[in-house]
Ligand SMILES: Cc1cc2nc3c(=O)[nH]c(=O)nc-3n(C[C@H](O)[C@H](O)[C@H](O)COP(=O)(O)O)c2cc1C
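Only one chain is shown below, in structure tokens, and it's the form predicted alone.
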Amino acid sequence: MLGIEQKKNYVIHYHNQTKHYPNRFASAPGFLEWDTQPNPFRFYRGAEKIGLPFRKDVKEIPYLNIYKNKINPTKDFNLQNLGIFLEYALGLSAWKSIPGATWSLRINPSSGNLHPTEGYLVLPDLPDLKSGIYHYSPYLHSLERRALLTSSLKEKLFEFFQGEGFVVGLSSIYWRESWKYGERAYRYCHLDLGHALACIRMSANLLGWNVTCLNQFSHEDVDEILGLRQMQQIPAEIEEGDILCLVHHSKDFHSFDSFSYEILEEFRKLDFSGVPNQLSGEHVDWEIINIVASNCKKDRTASTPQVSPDYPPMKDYPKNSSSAHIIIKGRRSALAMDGETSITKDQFLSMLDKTLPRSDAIPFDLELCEPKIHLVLFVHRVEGLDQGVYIFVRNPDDFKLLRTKLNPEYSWGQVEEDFPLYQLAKADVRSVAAAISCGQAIAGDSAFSLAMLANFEKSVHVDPTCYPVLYWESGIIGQVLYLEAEAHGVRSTGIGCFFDDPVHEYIGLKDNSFQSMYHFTVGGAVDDVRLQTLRPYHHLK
């Protein structure tokens, strides 16, 4: 078994090996074998399928209620509300079509629309639904029952849940991303998982439910509980459990360590049914992904509730009657920016404000980890702000280190009192932003773009199993920015292709104490008029 130091060295090796440079991209397929493209939908052959209802009520919830805890009426745990929860967390949002091709979009975005993330539920007895372990099928909007719970297991879980509640589990299938992106796919899978976590938390909040990450479990525990170890898997399509979350009513749930690991033995004894469908006929093995995944596997730990910085109350903006459900289903990734559309300073600050990790604000109340991601911003078209480079410091504990590590000539002028946004340098950075994002014009033609900068010194250098969690935090931030862009009448998109070290060099970093994890851009989108939009579940009618 490798020690912490060896694991740390390998994780850093993987991160460095999978960096893009202008003269060398990370290893990936030279061309795409479209005949082997992985099926984005997982099904369990032989598992009983339970169709879920869709949201039918016309009462709209204001968009800003997505972020506010304890403001939405608390709904019962039943089949109807479970269907609504999954519809707006992991369901389909639309289909796009052009002559000769049709593809689905989901509430939770994915790199290349390849969707490596799978969702599972561990449910107690509900009206019209037996307790058990279920896989969620977004294509069918149905649950696939993989196992029924024994009476003994139900009682023990009820005690742990402290009453009503259920568990949501997320897993990753690396092959879905490595088919296109090669060795960099591990990064993208965990960005996608972060987006999915945010979607789960937001959807639950609209039903008045709370979500808490159960971060004390090991990866092996997650596999056991979700039944991933008890199923036949194709080696190249291995599905690995990532995290469990408790969905519950009480915000006061804090007995994280009350779980008896003896219960796991009862999960092992369950009779699981269903055979997972094969996703591709042929595969390419990316051994580097298997190795980094192995080195990032978490052992059991004590639960670690998040300690969040103290921030002023959230800005109550935009003040409009936008529906939360319409914004969530209307989220789209921009394919190009028009190079003209600007946003106001108030809009810009509002978008950033929603990404602050307040302990009482959705989705950052998941208690995932101490915040370690900061935003380096390239401002192009924000009315009331100079063009240039800015930084949004999401954890004040990192302020001194950031100021020490970044370019010593930066001015660090605070834009607003009691708001952690600082102007570093005035400049026209449109060409720079595009160049460091693999030459993609979308990063320079927007109102602003950004790089998510992670504190490696406080995370990976201390505990290499934090590596995927940095991507989860980045994906959560990205999902907030997606919805904020929609609410403010513009569009956005995540950018996974960027030149890692040229980003660091541009802002003056000379070591790996901070590393760029994810890029993002927000602005006026150019729509593809060839695309036809179809309803998300038209194929079931």
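So that there is no doubt, residue numbering starts at 1 and follows the sequence shown. Just so it is clear, the model here is predicted, and its values are computed rather than measured.
Absent from the display: the form predicted together with this ligand. The rest refers to it.
No atom of this ligand lies within 2.4 Å of a backbone or C-beta atom here once its pose in the predicted bound form is superimposed on the site C-alphas of this chain, so the site counts as open. Checking 61, 50, 497, 26 for any heavy atom within 4.5 Å of this ligand in the predicted bound form turns up a single hit: 497. Between this ligand and the residues 200, 82, 292, 191, the one pair within 4.5 Å by heavy atoms in the predicted bound form involves 191. Residue contact check for residue 111: one or more of its heavy atoms lie within 4.5 Å of this ligand in the predicted bound form. This ligand in the predicted bound form comes within 4.5 Å of no heavy atom belonging to residue 372.
Among residues of the shown chain, residue 141 is not one whose heavy atoms approach this ligand to within 4.5 Å in the predicted bound form. Contact annotation for residue 493: at least one heavy atom lies within 4.5 Å of this ligand in the predicted bound form.
Looking at this ligand in the predicted bound form, residues 68, 210 and 364 place no heavy atom within 4.5 Å of it. Residues of just one listed stretch (111-119, 125-133, 227-235, 417-425) have heavy atoms within 4.5 Å of this ligand in the predicted bound form: 111-119. Residues 331, 332, 333 of 323-351 are found to place at least one heavy atom within 4.5 Å of this ligand in the predicted bound form.
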